[in-house]
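One chain is shown next in structure tokens, namely the form predicted on its own.
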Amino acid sequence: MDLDRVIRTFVLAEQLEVHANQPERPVDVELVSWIGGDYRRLFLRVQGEQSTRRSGGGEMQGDVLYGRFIAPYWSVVAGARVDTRLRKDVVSVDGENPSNGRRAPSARSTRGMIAVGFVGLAPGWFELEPTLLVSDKGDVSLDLQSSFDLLLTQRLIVQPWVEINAAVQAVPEIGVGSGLNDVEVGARMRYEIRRKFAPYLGVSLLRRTGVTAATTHNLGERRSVGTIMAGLRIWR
């Protein structure tokens, strides 16, 4: 029997959360869905953040990816990503001197990118998602996400995670420098009232580095940001 003839769908709201200790009380959403069989799938991923205290400021990222099974627990994925960022306040990277040759981040920027990567489980049941991105202007960047479900009981689960972003070239228009841009680590603890419905609490620490840190600092944002979040995880 060809298992790919059985078409299934899956939708996961991995994050529907508010960042409780941030002044602008941003809401963060991450949705992952796919349609297909065991060997071939079409993935749709959407992630965004928006302030609830003011208009302007925020970001949205969407992926459409074709996935092909290549080994037990591993698929290769390829497709496109659209990354949109909104900033309310704009200054140059060096703060007050716009004639220093460096371009300031744009108030609104949108990039289209080709995305190639893998989705799978590493030994120890760590979920890994490394993705290589090439923008429509040839800029190359890499993001890596990893998480792990630690079962304290059958319903109480701690999920530590890490996300790393790096770039080969600087892209001043969006406030990105070359090299390692930022590292974010955190953990969410959820209680599965039902398998498909789980409220959670979590904490995270984001650390920006290099030019990316300088740019965001001049925009009035901190280099290191600690967050306390509360949200829901839902799937069907």
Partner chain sequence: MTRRRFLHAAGALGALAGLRRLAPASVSPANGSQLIPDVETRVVGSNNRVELVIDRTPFGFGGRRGIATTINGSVPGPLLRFREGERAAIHVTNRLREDTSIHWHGLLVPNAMDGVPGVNFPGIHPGQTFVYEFPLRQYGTYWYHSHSGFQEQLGHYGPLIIDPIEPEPFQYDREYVVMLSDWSFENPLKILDNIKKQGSYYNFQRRTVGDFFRDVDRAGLRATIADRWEWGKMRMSPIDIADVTGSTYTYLLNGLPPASNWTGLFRPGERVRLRFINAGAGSYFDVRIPGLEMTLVQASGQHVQPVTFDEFRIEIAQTFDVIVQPTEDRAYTIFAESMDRSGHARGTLAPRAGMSAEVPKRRPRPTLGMMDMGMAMSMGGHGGMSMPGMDMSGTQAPAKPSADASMAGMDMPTPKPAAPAASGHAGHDMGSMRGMVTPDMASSGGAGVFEGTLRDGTIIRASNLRAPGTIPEPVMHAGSTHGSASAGTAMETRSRLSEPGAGLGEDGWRVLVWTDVKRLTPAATFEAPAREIELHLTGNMERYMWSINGIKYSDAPDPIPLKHGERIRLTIVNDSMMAHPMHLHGVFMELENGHGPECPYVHTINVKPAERVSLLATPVDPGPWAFHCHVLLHMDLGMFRVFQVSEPDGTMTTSEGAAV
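As the structure is a prediction and not an experimental result, all values here were calculated from the model. Positions refer to the first chain, counted from 1.
The following text describes the form predicted in complex with its partner chain, which does not appear among the structures shown.
- Although the partner is absent here, residue 191 is not a contact residue: none of its heavy atoms lies within 4.5 angstroms of its partner chain in the predicted bound form.
- Within this chain, residue 41 lines the site of its partner chain in the predicted bound form, having a heavy atom no more than 4.5 Å away.
- In the predicted bound form, its partner chain sits beyond 4.5 Å of every heavy atom of residue 138.
- In the predicted bound form, its partner chain sits within 4.5 Å of a heavy atom of residue 70.
- Proximity to its partner chain in the predicted bound form, taken as heavy atoms within 4.5 Å, picks out 72-80 from the listed stretches 72-80, 109-117, 130-138, 161-169.
- Residues 152, 153, 154, 155, 157 are the ones in 152-166 with at least one heavy atom within 4.5 Å of its partner chain in the predicted bound form, listed in sequence order.
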